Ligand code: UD1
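Below you will find one chain, with nothing else, as structure tokens; this is the form predicted alone, and questions on how it binds or moves follow later.
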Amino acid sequence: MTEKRKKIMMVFGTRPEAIKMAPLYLELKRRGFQTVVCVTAQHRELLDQVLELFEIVPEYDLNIMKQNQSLDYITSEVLVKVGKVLDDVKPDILLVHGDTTTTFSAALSAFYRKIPVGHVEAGLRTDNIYSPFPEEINRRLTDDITTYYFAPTQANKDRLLSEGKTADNIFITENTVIDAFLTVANNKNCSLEDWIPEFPTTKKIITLTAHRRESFGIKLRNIFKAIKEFIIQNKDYRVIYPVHPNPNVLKAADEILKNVDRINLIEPLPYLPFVHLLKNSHIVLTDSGGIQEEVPSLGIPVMVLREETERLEAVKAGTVKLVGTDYKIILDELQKLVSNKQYYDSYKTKKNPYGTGNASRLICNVLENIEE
């Protein structure tokens, strides 16, 4: 190991990326790496909440977000502006995360400069290029220009090997989201009464998140109609839905769920109260990727509101159920969970396949041993 520590640059732009990169950033700093953070602010307000929570002050803030931004705009802005930062910083390695447009564009910019890319959460696939959209293509293209693959599970590594990636450069590291989630879940400085109307509640909480582009339109409406019908039929339950600010989501939520008794449409929550909302939930319905990984650590049933998932380990482990967007299937699964105690309790005994909170340490171990 040379005395001069490697210069590691991290680029991220959305709230999920920030959550999953934050514990890795803190571990890099703890170990003395030269660490430079560049945020694109593909999502501005939601990103800032996470930066504040984990006390991360970026060296570069590109602030690209604008109203009704297109994928073309995000791609081109990140490609050019991250390129200028790379020219200034000249890092030894660029770290990106997951599958956002920021991730792909930043990796491509590094590739153009022959800077090695480390891809955190590499190897996830649905095999449907339009689901999730555009994330499936973003992560595939990122993996094609990656040098160091940080794969959460053996299945992710196997997929990368099947695509011809070099075995010596693939490392199974668990998932950094568990590091972040467990840290925040153990934070006692959170009062949900400050964030959620009429909390605490005598009702059992169902937390909903739904925002996927591929569900816009009839699929999203089917999800909302099923939830509305369930709540009408089951008086002991309450749905709390932090509504994503995308107009396609807001419009459907307002038309179907607004003013329905025991359904609370609220503003998106910062990560700290959101994690504590999950801890207080009886059931979680989601089309999010990270929640499929996080909530199994709590032993709470997760219904995945998507047709495909790149997180098949959770499905195979029985920690989540892939239910899609069909009205009847969603309603039937909810009724089964609330009427069959043995079925509900089976989720509590399943092991989270994404690790126990050691991912950041494992990734840093790899980075320390990479030859200059």
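Note that the structure is predicted; figures quoted are calculated from it, not measured. Heads up: residue numbers just count along the shown sequence, starting at 1.
What comes next is about the form predicted in complex with this ligand, which does not appear here.
- Of L46, V320, L62, I330, which residue is found within 4.5 angstroms of this ligand in the predicted bound form when only non-hydrogen atoms are counted? Selected option: L46.
- Query: So which of T101, T142, S109, S297 reaches within 4.5 angstroms of this ligand in the predicted bound form, heavy atom to heavy atom?
  - Reply: Of the candidates T101, T142, S109, S297, T101 is the one lying within 4.5 Å of this ligand in the predicted bound form.
- Report whether the minimum heavy atom distance between S360 and this ligand in the predicted bound form is within 4.5 Å. Output for S360 is no: heavy atoms all beyond 4.5 Å of this ligand.
- in the predicted bound form, G217 touching this ligand (heavy atom, 4.5 Å): Contact with this ligand, no.
- Message: Within 4.5 Å, heavy atoms only: does E135 come near this ligand in the predicted bound form?
- Response: E135: contacts this ligand in the predicted bound form.
- Item | Any non-hydrogen atom of T14 within 4.5 angstroms of this ligand in the predicted bound form | Yes - in the predicted bound form, heavy atoms of T14 and this ligand come within 4.5 Å of each other.
- Query: Tell me which of 186-194, 227-235, 206-214, 158-166 has residues with heavy atoms within 4.5 angstroms of this ligand in the predicted bound form?
  - Reply: The contacting stretch here is 206-214.
- Task: Output the sequence-ordered list of residues from 215-244 with at least one heavy atom within 4.5 Å of this ligand in the predicted bound form.
- Result: If the 4.5 Å heavy-atom criterion is applied to this ligand in the predicted bound form, 215-244 yields only H244.
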